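Coming up is one lone chain in structure tokens, specifically the form predicted on its own.
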């Protein structure tokens, strides 16, 4: 079993390499074929041709596309993401490093909100199948998926921050410096992001619990006269959590990119807002580096979920 698990881990790690290379190619090509000229955008329409060509040479934009990609990729392997075209020539790695904690804090908080809502709601919906409670949870889940997160964010700001004044309207505060204030500022954006994913996770939890309520183990436990709560906690939930963990891990990866609009609404200085500004200003190095970092985190989270799943269920690594 141990040897099979180690073999599975090795294979999965090796499989991530071509995935990341492929992502880097796609990101690089798409951003370079986007309309507009980042050099002209930075210098302005009054710039001379000499100044334009000088800036192109300074950033290597006068080279063939494949040469630019190879140089960029070699720099990535050395930890050099290039320099921003619009942020005063600051290294992209510094920009990402300064904004990554805010995005991770928001994503973790949103995942927490999603799990806290989804697990009780999904279990309750499954246990009360085809009752008013089940229908109510289903309607709530459908509403959570349907409501645009930017609209929900604006409504939360209006009600809880402006009218009632019980919570601040976003703005990132470092949890390392002021933990209580950080939690207060992250509540509204975390609810905004986490609600939609809570709806999806609720449906997954309900489905998983329903599947495990009708197994031989559960029927055996019922025949022995075990209490329904003990059957639910010791037999049903333990098996139901495996697919739920997988979905939750995928949701965390999606949350990293889903915060682009939400970060604008709440003035949250994360990677999503950095990408939005870089796209508007056609800042090639910043967009490429930021998207690649988000993709890398997403792939690593999926890898961790796969490894955790295979550890909890050895049949996965043995397959």
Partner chain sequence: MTTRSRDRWRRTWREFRSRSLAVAGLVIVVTVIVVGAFATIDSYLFDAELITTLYYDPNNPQFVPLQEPSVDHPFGTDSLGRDVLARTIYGAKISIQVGVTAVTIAATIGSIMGILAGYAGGYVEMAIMRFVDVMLGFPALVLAIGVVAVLGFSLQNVIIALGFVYVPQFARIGRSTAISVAEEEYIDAARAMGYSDTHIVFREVLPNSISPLLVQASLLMAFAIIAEASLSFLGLGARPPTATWGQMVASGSDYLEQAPWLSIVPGLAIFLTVLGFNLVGDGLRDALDPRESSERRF
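Positions refer to the first chain, counted from 1. What you see is a predicted model; the values in this text were computed from it and never measured. Whichever C-alpha set is largest while still superposing within 1.5 Å between the two forms counts as the rigid core.
Omitted from view is the form predicted in complex with its partner chain, to which the following refers.
Judged by heavy atoms within 4.5 Å of its partner chain in the predicted complex, the contact stretch among the candidates 180-188, 71-79, 147-155, 85-93 is 147-155. Of the heavy atoms in residue 253, some are within 4.5 Å of its partner chain in the predicted complex.
Contact check for residue 66: every heavy atom lies farther than 4.5 Å from its partner chain in the predicted complex. Residue contact check for residue 143: one or more of its heavy atoms lie within 4.5 Å of its partner chain in the predicted complex. Contact annotation: residue 99 falls outside 4.5 Å of its partner chain in the predicted complex, judged by heavy atom distances. Using a 4.5 Å cut-off on any heavy atom, the residues of 106-131 that reach its partner chain in the predicted complex are, in sequence order, 129, 130. With the core held fixed, residue 171 shows a CA shift below 2 Å between the shown form and the other one. Core-superposed comparison between the shown form and the other one: the CA of residue 138 stays below a 2 Å shift. Shown in the overlay between the shown form and the other one, fitted on the rigid core, is a CA shift at residue 215 of 2 Å or greater.
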